[in-house]
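Okay, so here's just one chain, in structure tokens, the form predicted alone.
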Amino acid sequence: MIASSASLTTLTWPGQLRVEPDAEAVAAHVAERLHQALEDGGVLGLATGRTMEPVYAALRQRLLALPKPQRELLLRQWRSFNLDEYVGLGPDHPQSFAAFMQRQLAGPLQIERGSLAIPHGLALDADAEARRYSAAVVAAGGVDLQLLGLGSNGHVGFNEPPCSEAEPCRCLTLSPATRQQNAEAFGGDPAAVPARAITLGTAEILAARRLLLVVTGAAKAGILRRALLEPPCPEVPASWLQRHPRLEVVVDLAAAAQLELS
């Protein structure tokens, strides 16, 4: 299903595609989806990165506009799990994803400590931390709505290619492409980006009840086409999302440029 004025003639996966005019409109729609999931009492799966900054800004705006009693009740029920964290960075490091979430959501919204879960980047045993984190997601009853971005090499979370559809939460080595993509936050130096990360795997991602993939910008148009329109394969980890029965993809016109809209 296409929620736009166009149709995608080659769409074969069973999900929904929504095309918005720009990144601001994408953010507003995604924030509405997240807000509704919170109202329903769902467990959120959250992501980081530049694509998510306007999304979280829109979500903050929505929640802070609520009457105080309603907002406080909603935030007391907050439960979320982030996809990933760099190995070797603690929550006090400004480039850690824990710090990113503190700046974007936890601080401004005053979310209670522990309600917004993220892997411990300073764990002495990163492999054991990955197992603990996966078990915590299961113990919470799983994720109701998993928010996802798309890496330039087709990764979701930090699931680097090649990647099967059944990879578990684990510690892995980041690809040169991913370190280059994330270098801006580290002074533009890919070598300064941590070499390893803990990430929820494709297994945990595909186990979520609903998936919400968010992609903006012309630079992602080619990899988005591969992820949605080519047969699922290990070389494009995001392509496994095609097999999820409740996948929604929200993109701007620039990212949709190669999706054969007509």
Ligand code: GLP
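Numbering starts at 1 and follows the sequence shown. From a predicted model like this one, the values you see are computed outputs, not experimental measurements.
What follows is about the form predicted in complex with the named molecule, which we do not show.
Item checked: Options 131-139, 164-172, 68-76, 147-155; stretch whose heavy atom lies within 4.5 Å of the named molecule in the model of the complex -> Partner-contacting stretch among the options: 147-155.
Check: Is the gap between N182 and the named molecule in the model of the complex 4.5 Å or less for some heavy atom pair?
Finding: Yes.
Notebook entry, point to check: Given that the partner is absent here, does P234 sit within 4.5 Å of the named molecule in the model of the complex, heavy atoms only?
Noted result: No, P234 stays farther than 4.5 Å from the named molecule in the model of the complex.
Item checked: Partner proximity in the model of the complex: T48 to the named molecule, non-hydrogen atom cutoff 4.5 Å -> Yes, T48 lies within 4.5 Å of the named molecule in the model of the complex.
Note to self: How about F97 - does it come within 4.5 Å of the named molecule in the model of the complex, if we only consider non-hydrogen atoms?
What the structure shows: Residue-level check for F97: yes, a contact with the named molecule.
Notebook entry, point to check: Which residues, if any, of 187-225 lie within 4.5 Å of the named molecule in the model of the complex when only heavy atoms count?
Noted result: Residue within 4.5 Å: K220, and no other.
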